[in-house]
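Below, in C-alpha cells: the form predicted on its own, a single chain.
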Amino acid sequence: MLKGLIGKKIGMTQIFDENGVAVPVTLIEAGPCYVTQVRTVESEGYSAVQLGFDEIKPKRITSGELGHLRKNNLPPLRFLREFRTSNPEVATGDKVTVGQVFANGIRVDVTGISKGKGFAGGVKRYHFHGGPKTHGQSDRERGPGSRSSTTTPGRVFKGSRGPGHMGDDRVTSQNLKVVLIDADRNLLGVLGAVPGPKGGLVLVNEARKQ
C-alpha cells in the first residue's frame, strides 16, 4: 500500500507527552495529494505512484504537465513526485489524505532540501579545530591547516574536506516518530527536526529502518 505523501514544512513547536515532558515537534502540511499516474512493471519496468501536490493557476506550469494532468481530469499541480511501492492500492485520479496514509506512532523518513548557507569555511562547514589562538599566530585562527603533502602526492585529493558551498543539499531525516495527525487541517507532526526552511517542500515516506 502507498505509504508516502508530498508536504510543506510549516515550522516547529512543542507538545507535552503522556509524562508531561515537552518534546520538540515539526509540523508538516501533508497533502492532500492526487494520484497523477500509476507506474507498473509491465509498462514502465518498475512499480511506483506519481503524486501531485499544491493546486495553482494553469499558466504557472508547462503545457506538457498541464496536458498530463488534464488527461485524468486533475487540477493544475505545482509539484509532481514519485514514490516507489510494490502494491500501491490506488488508482489514477484518487485523492490521498494524511489520515488515510499515516497513523500515530509509526516511523517515517522526511526528505527535503537543506537551508543554503553560501560559501563557508572549514570551521563552520566541517567543524575543523582551527589553529592556536596564541603563540604568535596572526591569521590562522580559523584556518584549515595543511592541505596535502608536497612531493607525494603533490596535490589535493578530490573530495577532501575544506571551505566551499554549504547547504542546499537533498537531506533525509530518518526514523522520525509521528506524534500528531490532524486530518481536518492536513497536518502531520513528527518528533524532532526535518531539513529545509519554513515553507520548504518535503517528502514523507514510511521509514526504511524500522
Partner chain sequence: MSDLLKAVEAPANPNIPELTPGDAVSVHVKIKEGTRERIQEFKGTVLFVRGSGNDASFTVRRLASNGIGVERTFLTRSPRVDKVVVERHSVVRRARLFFLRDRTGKSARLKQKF
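Predicted, not measured: the structure shown is a model, and the values here were computed from it. Positions refer to the first chain, counted from 1.
Keep in mind the form predicted in complex with its partner chain is missing from the figure; the text below concerns it.
- Residues I56, G196 and L203 are none of them found to lie within 4.5 Å of its partner chain in the model of the complex, as judged by heavy atom distances.
- Just one listed stretch, out of 45 to 53, 156 to 164, 139 to 147, 26 to 34, contacts its partner chain in the model of the complex at the 4.5 Å heavy atom level, and that stretch is 26 to 34.
- Contact between V38 and its partner chain in the model of the complex is not found at the 4.5 Å heavy atom cutoff.
- Under a 4.5 angstroms non-hydrogen atom cutoff, its partner chain in the model of the complex lacks L66 among its neighbouring residues.
- Interface membership of V179, defined by any non-hydrogen atom within 4.5 Å of its partner chain in the model of the complex, is ruled out.
- By the criterion of a heavy atom within 4.5 Å, L191 is excluded from the residues contacting its partner chain in the model of the complex.
- The partner is not shown here, but in the model of the complex the stretch 14 to 34 reaches within 4.5 angstroms of its partner chain through a heavy atom at Q14, I15, F16, N19, G20, V21, A22, L27, E29.
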